[in-house]
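Here you get one chain, nothing else, as structure tokens; it is the form predicted on its own.
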């Protein structure tokens, strides 16, 4: 089975019935959505009924591999976790790199779909024969750190590779993530989806070689891509990693600070990547099967285990919360990883709570009492709050475990106007008023505010557009950026490779022809990028999406930036609405943003006979 890149089937595991079956995947489906996030979105739609509870037994969690996983191509050891987000109620996916992806693919499947709910806390063990649900009473409810739980599983099942949730996933924190070998599928609360199924971990093993249609051509392409991955296009990631963004963003006044009240941070110098690099013991690493090596680790204190640091951790747990102490930011990032919570949503929700506390918005009683010492820059309070959130311990921790949107709705008054989210997803480290093509990408994103599914910020930084104005030209960049990201995440390859590829769609088609033997062409892949976005939009429509969700919090329209290179910048509400309509038109949607009936009907057979 499987002539190239695909095994032409997925494994469906029903936890309640304790059954597992292989389900065929036809060629038309594989060519339409390729793999990764595309295949995951498609299977999630097929496997669920409308308006399901993301934390109910009827929910599905999809682990989707790409056709390039298990091949010699650099950065291809990735998988996509896909589910309906308990944070947003819309589609969510998280990508992760590790040997878990290779082991899962070598089990002889292109995806794994987990449905139902285990009768008791369990782990799921998957191999070439199927799946086994094994009770794990010694791992559940014990408040283990993720590294400790992973180590125990590794010793007991040395042939398996594991994806694990932390205490936050067990407590159904709406932004809990799934970890595998130090990597995290963090956004959207997919760890809570697994926790609701009472599954602590998924273990995979396999020995099937991934078939290559043209092994000689694949190896030639792999060698060339590896060579280019070490060129100037990726130098930034090797030398400092993404933490280098902090000083640049601060200089451009695009660095979200104190819950998006400002876009420059007076203490940025203390925590910028260059200073961390010069002042702390450090190390470097890479994902499995990656030649770039973008991971950078920094020692918290002499003798302590170093912490992996990226820009999004740094901004969210630093300037966004008004914190400039590098040791505190490193400790907070490590705590999020060990507790199993998303760093961006954690920082965003705590920053929102800090502003609420300073404004006196918490109602009298336990919440107000707990928030009494919560202020921007309150280092130890932030560290303690992370543990309270992950364990849903204390009234404030339990409230913030729901995310900023739900917390704001509970508090009422002005709180929803400055809760930092789109569709419930906390905004990553790109100030929308200073980067307005990116602001459009945030607003229309199917996953919510999302820098990984829309790279529209590249247009802002390139000078191709006026970064202080969203325009019809912005719409063209937003669509193009989404389509490129969708195809990269379907293959699945690391986005850090994008600048090393001169003709992305053409080179991607060449890789797919060599690996799969299917006659992919560049134009077909461009269309696939748009199709994957439409599959996601159709899923969201089915689950209750309305046009009112494609917007930003009121703060960005009503408050100007106070200083720096973006002083006085704000988003014009009417102009932004025109750019959204331009996006709809270029994407082929109707004026309100719905997928037209004729296009939805064309895609119905692909989505399992779905009818509008």
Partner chain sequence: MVTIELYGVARLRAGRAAIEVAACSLGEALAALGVACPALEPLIVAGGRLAPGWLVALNGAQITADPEMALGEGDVVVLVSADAGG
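Numbering follows the first chain given and starts at 1. Worth saying up front: this structure is predicted, and the values here are computed from it rather than measured.
This protein has a second form, the form predicted in complex with its partner chain, left out of what is shown; the following refers to that one.
Although the partner is absent from this view, residue 295 stays clear of its partner chain in the model of the complex, with no non-hydrogen atom inside 4.5 angstroms. Although the partner is absent here, residue 463 lies within 4.5 Å of its partner chain in the model of the complex, judged by heavy atoms. Although the partner is absent from this view, residue 232 contacts its partner chain in the model of the complex, with a non-hydrogen atom inside 4.5 angstroms. Within this chain, residue 417 is remote from the site of its partner chain in the model of the complex, having no heavy atom within 4.5 Å.
From the list 465-473, 114-122, 519-527, 201-209, the contact stretch for its partner chain in the model of the complex under a 4.5 Å heavy atom rule is 465-473. Think of it this way: in the model of the complex, its partner chain has a heavy atom of just one of 507, 338, 355, 312 within 4.5 Å, and the residue is 312. None of 371, 133, 252, 481 but one reaches within 4.5 angstroms of its partner chain in the model of the complex through a heavy atom, and that residue is 252. Of the residues in 481-520, those that come within 4.5 Å of its partner chain in the model of the complex through at least one heavy atom are, in sequence order, 496, 498, 499.
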